[in-house]
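Only one chain is shown below, in structure tokens, and it's the form predicted alone.
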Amino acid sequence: MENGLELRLRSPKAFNLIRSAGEAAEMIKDGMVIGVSGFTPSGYPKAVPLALAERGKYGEKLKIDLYTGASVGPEIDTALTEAGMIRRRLPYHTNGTIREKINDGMIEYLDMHLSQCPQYVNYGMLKKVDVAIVEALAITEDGNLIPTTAIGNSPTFIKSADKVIVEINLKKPLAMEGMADIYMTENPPNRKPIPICNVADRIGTTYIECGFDKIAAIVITDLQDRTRPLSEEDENSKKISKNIIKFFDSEVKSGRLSKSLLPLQSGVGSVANAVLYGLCDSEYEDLTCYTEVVQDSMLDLLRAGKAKMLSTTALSPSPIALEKFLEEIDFFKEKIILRPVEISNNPEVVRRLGVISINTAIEADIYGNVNSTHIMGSKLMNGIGGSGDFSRNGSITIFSTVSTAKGGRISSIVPMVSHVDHTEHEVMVLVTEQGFADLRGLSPKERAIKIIENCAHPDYREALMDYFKRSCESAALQTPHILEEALSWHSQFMETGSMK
């Protein structure tokens, strides 16, 4: 076996706990709360969830509450959903199969700010974890776990759990050991300040505390993460990236930022990835990132010498980029720190470091409110994830979206968003391929004019400006609205498939 199994199981006690995936899955009973490692989808267990799903396929009636760090792979969300085993799911997902069941009312879904999930568990606001299933590189002599490509909520779930099932993944190189920095906070009133003053600060251990008294089974696997492929950069994504860089240029010219900017956070997905690619060819240098997910573009910023340090809770590059990353682990090992999501997304640290938050929106309204989770107000797409952790606490909060959707048949800039995830009070800069609107220091009416003129697609600007002007004539003038008409923008699309 790669590197010798004795290098991964560093105590005879561990060898005595080796079980098959099926044997480990038998430890999970109806009604249990299961917490799994993994984050977007990286570092998650695979063999045991697949074995558990087989029990459902053969007719066993078993329901669980499933807690994760964020999105996980199809071996968990797809397999367990198709087996009818998930009763409740939190705090985030990106899976089409589970999305359908959530919107059909078959699965109860709790959408949460990711930094709050470990607190809810620690405070007893959520049911405690019965069994934690965690992927690891190795188990130390004392029964502590060396994590793989994601930390997420693993430390919290292990602390809460009665039993821990460990998947030792031989696909993940032992050279990753040392990248993790595990630090956990106390509950109030005993909580202390988190001593991070620089992106590169290490404050914890390279392992997650567990102990052999909790480990119920060890399963040896060689299944690779099913990370998501990223689409090619399209013209709209490139234009959004250029517009964000134009905004940065204006901040540097004003003296509010330097050429090294401030620590960057970026959401997940192809558009978010493309936005950061623009910095590879820019004049900006000595960049740092304090974020929740590292995708292809952040790795390329390191390769290009544009970035010097990344702090994150998960490594989630595209499948091809993941293989390349694992081959180049010696280059990245000292440049990337993996932290628990409670630390990577912590409002205290985000505020102290002055993180620049860059996230994507489904739609935004003319006053700056952003919807990032729901289609037509009630149909869940994915979840809020960690965007709110950063947007509410960052020094600069940027949201981007392409100005139209559905082939231009619907405007992404609307009079009133159908669902509010990020209010006008935290959205500082709105960016589309059309341009950017700096909303800081503006009243609602001033924001409306700037958003319509700078961010809306030309096909919809006249209609949006007409709505705004008529609202000013017929409504109170702080945040003018004609409510029935604002809602009709969405109902019109439902009826005709177009806003034109």
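Given the structure is predicted, the values throughout are model-derived calculations rather than measurements. Each residue number is its position in the shown sequence, starting from 1.
There is also a form predicted together with a further copy of the same chain; it is not shown, and the following applies to it.
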Heavy atom contact within 4.5 Å of a further copy of the same chain in the predicted complex, the stretch among 114-122, 272-280, 237-245, 76-84: 114-122
4.5 Å heavy atom contact, G31 and a further copy of the same chain in the predicted complex: no
In the predicted complex, D104 touching a further copy of the same chain (heavy atom, 4.5 Å): yes
Contact test in the predicted complex: G354 vs a further copy of the same chain, heavy atoms, 4.5 Å: yes
Partner contact for K253 in the predicted complex: a further copy of the same chain, 4.5 angstroms, heavy atom: no
Contact residue in the predicted complex, chosen from D421, D296, D181, D130 - any heavy atom within 4.5 Å of a further copy of the same chain: D421
D162, D142, D286, E108 - the one with a heavy atom within 4.5 Å of a further copy of the same chain in the predicted complex: E108
Any residue of 469-483 that, in the predicted complex, places a heavy atom within 4.5 Å of a further copy of the same chain: A475, A476, L477, Q478, T479, P480, H481, L483
